[in-house]
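Single chain ahead, written as structure tokens, the form predicted alone.
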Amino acid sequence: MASVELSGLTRHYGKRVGVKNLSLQIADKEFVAIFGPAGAGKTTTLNLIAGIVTPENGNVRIADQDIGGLEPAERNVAMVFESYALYPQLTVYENMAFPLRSPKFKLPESEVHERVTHYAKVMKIDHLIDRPIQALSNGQRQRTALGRALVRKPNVFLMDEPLSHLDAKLRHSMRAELKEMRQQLGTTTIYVTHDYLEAMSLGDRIVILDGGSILQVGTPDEVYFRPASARVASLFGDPEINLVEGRVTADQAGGLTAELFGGAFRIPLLSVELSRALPRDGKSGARERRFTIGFRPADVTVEHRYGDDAAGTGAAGTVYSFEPLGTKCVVTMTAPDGARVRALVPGRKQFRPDEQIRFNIRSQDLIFFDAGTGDYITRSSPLMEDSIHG
């Protein structure tokens, strides 16, 4: 069982925090993606597991063994670096065979050949086996680096942003292939990335790091649809989620209404959880609470508006910017209270800066956060799985 347990890991680089009191449990054969912005502590976490750096506090256990006193070569972990770290003077075959010929393994040449050729086929570089590294593309070098790690058959597979140097099209292709290879690997894998799509596509669970601390650990659906905080919500999505200040009121009959943009936009709601989150004091029976309200750009619809007296539902706004992206386009608008709102709309639509428009927001997909702390409170409507299990 190659489970991984991190307990209270802390590491500083001078005055800068690498990680702070980081604790995490990873199950055997689980694929965990560590996601966060630059400087969040992602690579530091991998280096602590690999033994490249030592913690000031805390410990690392692999397969129920405390490995704090072991050198990196003795931990039976394999790491793929962001820079590939291949030997340029060697061929693909020699690079992949190198760790198997080291003093630690000293495998017979027949087994070296068997492992290298097997994993070269898995990585689809068997036709490049005799080619020098300088003659490879970035994608082929990445496959070679992955293959060199795989031949060791490690207990834990560590990947430090392995696709970051690839162009967008190749990165998408390699992401799909990594997802396909996961079943073949059968190894506990910890994958570091700053790309939320990679994290959501590959991870059984996602660990969101920021400032050296864990903000949330959950499945892709959990961190996207039920983010632990407004900060977590802002890290997932492109364009990112809209976060605006608003309030929710309940009348004497219990009807809920969300008011956004200084009261210029009102949305009726049906949510038992949201009703429970409102204060219950007040002699009039009316209740209200301020929230930070989040909604995704895909949940915003935009319509052209001609003239100040043009009829229509929703809020009036002004186009701030328009970004065509082919089948989709991003419209950024200025709301009545001056807030900026992003919408993702069909690409066939065209908008001009300063054009007067009207926009609506789907009431089913609002996410409510505490206005003070930013902590997640609830959604305006439960997800389908919540309805099934709740």
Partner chain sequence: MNDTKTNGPKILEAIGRNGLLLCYALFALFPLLWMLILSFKPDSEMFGSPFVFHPTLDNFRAVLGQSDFLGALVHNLVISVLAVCLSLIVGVPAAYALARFQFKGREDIAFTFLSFRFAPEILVIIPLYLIYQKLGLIDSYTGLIWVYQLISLPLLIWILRGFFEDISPDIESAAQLDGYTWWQVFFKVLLPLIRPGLVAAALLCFIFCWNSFTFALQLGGGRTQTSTVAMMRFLASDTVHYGWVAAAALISALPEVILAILIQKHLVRGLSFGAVKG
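The structure displayed is predicted, hence computed values, not measured ones. Numbering follows the first chain given and starts at 1.
Beyond the structure shown, there is the form predicted in complex with its partner chain, which is absent from this document and is the topic of what follows.
For the chain shown alone, R101 is a contact residue for its partner chain in the predicted complex, at least one non-hydrogen atom being within 4.5 angstroms. For the chain shown alone, R175 is not a contact residue for its partner chain in the predicted complex, no non-hydrogen atom being within 4.5 angstroms. In the predicted complex, its partner chain sits within 4.5 Å of a heavy atom of V77. Under a 4.5 angstroms non-hydrogen atom cutoff, its partner chain in the predicted complex has I52 among its neighbouring residues.
Think of it this way: in the predicted complex, its partner chain has a heavy atom of just one of S201, S234, S83, S164 within 4.5 Å, and the residue is S83.
The partner is absent here; in the predicted complex, the one residue of G262, P72, G254, G211 having a heavy atom within 4.5 Å of its partner chain is P72.
Heavy atoms within 4.5 Å of its partner chain in the predicted complex belong, among the stretches 144-152, 214-222, 267-275, 185-193, to residues of 144-152.
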